[in-house]
Each structure stands twice: as C-alpha cells, then as structure tokens.
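Before any questions on how it binds or moves, here is one chain, the form predicted alone, in structure tokens.
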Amino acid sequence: MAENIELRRLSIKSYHMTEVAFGDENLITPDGKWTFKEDMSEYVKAHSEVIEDIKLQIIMPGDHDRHTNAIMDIIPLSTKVLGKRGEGITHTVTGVYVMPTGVDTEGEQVHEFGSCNGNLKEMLHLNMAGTPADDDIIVSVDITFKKGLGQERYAIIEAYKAVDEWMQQFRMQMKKFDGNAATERHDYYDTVKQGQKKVLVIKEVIGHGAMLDTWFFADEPCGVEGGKSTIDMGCMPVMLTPNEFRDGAIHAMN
C-alpha cells in the first residue's frame, strides 16, 4: 500500500484571555491579559472622511441584555508568525472576540436588507460557528459614520480598515509570544492519501455590496489589509487548501 504524502503542516497556538480591561497602554500578553486605551481618536482622524466617532465597549459574559447598533462582524484576533497562509505557525487568542457595530450620525443603522440592531441578547446567537461562546468576552468597536454613509460600500471598507489597524498593534505583539506558553496547540496536515477518493468541498460565499462582502487572503488571518474582495474579483471561484481555510484565508464581512 502506498504511503500518504504530507504536503504542509499548520500549527495553531492558542492563548486564552481571562482579563480584558481599559488601561493606560495597548498591551496583550501570553498570560491572558489584554488592556487597551479607551481613546480611539487616532483611528477616527485617519478615516475622518467617513467616520465621525469610534467607541469601545467591553461586554462581559452574561452582560448581553443591552442595546447594540447593527452588528457588522465577529472577528477573532489571530496573526501569522511563521510561513505562508495555510502552513507554518499561527498565534490566536481565545476567550475574546472583536465585534464591530455601525450607525450613522442620524441614527440610521448600517444595513442593506435589514439591520441587526436592538437587544444584543436577542441579536447575537451564542455558541454557534463563528460566534462567541457563553463565557467569551466581547470587545465592541462601535463606529459612527458620517451622515448617510452606513450604506456605502467604500465607507464600510474604510471602517473595516480602521478596526483592522487597531487590531494590528496587538497582532504584532502576539507574533512575539513564547510558543511554549500557549494554552492549546493544534497541528493540521495537508495530506495526499494515496488510493483514496479526491474530495472537493464547495463553499458559497456572499458578494453583494456594502454589508455583504467576502475578502480573501488578507495579510493576517481574518484581516483586511492586503485582501481582495470577491466582488472586485467578479465573484469568480477561488481554490483553497483545507489549511488555508483553517488559517483564516476567508473573511466574511457581513
């Protein structure tokens, strides 16, 4: 019997966050502590053509009975440490997710076919694929757009870039985390199994407009910078390896 051929290995090392708080510095550590400044004026200024204000909120587990503006996304904080997408080493944090939300200065919620603003307890389904668990902390990045821009694709992309830039400073710190300090490690192999059937999984992604977009191969897992929109690519098919998929090559921005 022919031996299997291992093409690539992806190692994902997780660091569980237990303390998330506002502080005097933007710092994330491998022992589970994440602090950040409340002031977001730097990112408002950098994207002032479309953004009026950005406010951060820390939502603790069980504290979901509160108002939320339209939920734009749920984003994990992950970074490439070594190798290309789908191979090498990736560091990610567990226990916390970033949740961008949006509204304009007139109170118009970000939406295309409907808005998910309201009571967060009702709008966000926990413990689903791609959503926080019951015991996860949520960092809400609440974006106020200039009047009428919450439905404009270019403005939505600028907002995502602002969130991505804010997250990137923490990703840069995570690249230096000691791999031995990880709370979990998972190794995934792209393997050719000789004599077995070849399997192709087809995933349909969305590519419609402002709030309904999918980006591929950003510089960082589930990031924005360096990525390409399926809309700009004409919604043509994209081939991915299983490990590229695991490694955040697809960012569903909706």
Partner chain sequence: MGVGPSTKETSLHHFRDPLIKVLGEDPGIDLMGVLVFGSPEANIDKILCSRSAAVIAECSRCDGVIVETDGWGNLDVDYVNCVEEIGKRGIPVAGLNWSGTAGTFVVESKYLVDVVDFNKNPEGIESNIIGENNYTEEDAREAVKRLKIQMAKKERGLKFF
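The structure presented is a predicted model; accordingly, all values stated were derived computationally and were not measured. Think of the rigid core as the biggest set of C-alphas that the two forms share within 1.5 Å after superposition. Residue numbers count along the first chain shown, from 1.
FYI, the form predicted in complex with the partner chain isn't displayed, but the following is about it.
A.B. asks: Does Val192 make contact with the partner chain in the predicted complex, using a 4.5 Å heavy atom cut-off?
C.D. replies: Result yes; Val192 sits at the interface with the partner chain in the predicted complex.
A.B. asks: Does the 4.5 Å heavy atom contact test between Leu124 and the partner chain in the predicted complex come out positive?
C.D. replies: Yes, Leu124 lies within 4.5 Å of the partner chain in the predicted complex.
A.B. asks: Any chance Asp142 has a heavy atom within 4.5 Å of the partner chain in the predicted complex?
C.D. replies: Contact check for Asp142: no, nothing within 4.5 Å of the partner chain in the predicted complex.
A.B. asks: So in the predicted complex, does Lys198 come within 4.5 Å of the partner chain, heavy atom to heavy atom?
C.D. replies: Output for Lys198 is yes: heavy atoms within 4.5 Å of the partner chain.
A.B. asks: What stretch, of 149-157, 177-185, 163-171, 130-138, brings heavy atoms to within 4.5 Å of the partner chain in the predicted complex?
C.D. replies: Answer to the contact question: 130-138.
A.B. asks: What I'd like checked is whether Ile28, Pro30 and Ile59 together line the partner chain in the predicted complex, meaning each has a non-hydrogen atom within 4.5 Å of it.
C.D. replies: Not a single residue of the candidate spot has a heavy atom within 4.5 Å of the partner chain in the predicted complex.
A.B. asks: Can you tell me which bits of 85-102 touch the partner chain in the predicted complex, meaning any heavy atom within 4.5 Å?
C.D. replies: In sequence order, Thr92, Tyr97 come within 4.5 Å of the partner.
A.B. asks: Once the core is superposed between the shown form and the other one, does Gln196 show a C-alpha displacement of at least 2 Å?
C.D. replies: After core superposition, the displacement of the Gln196 C-alpha between the shown form and the other one reaches the 2 Å mark, so yes.
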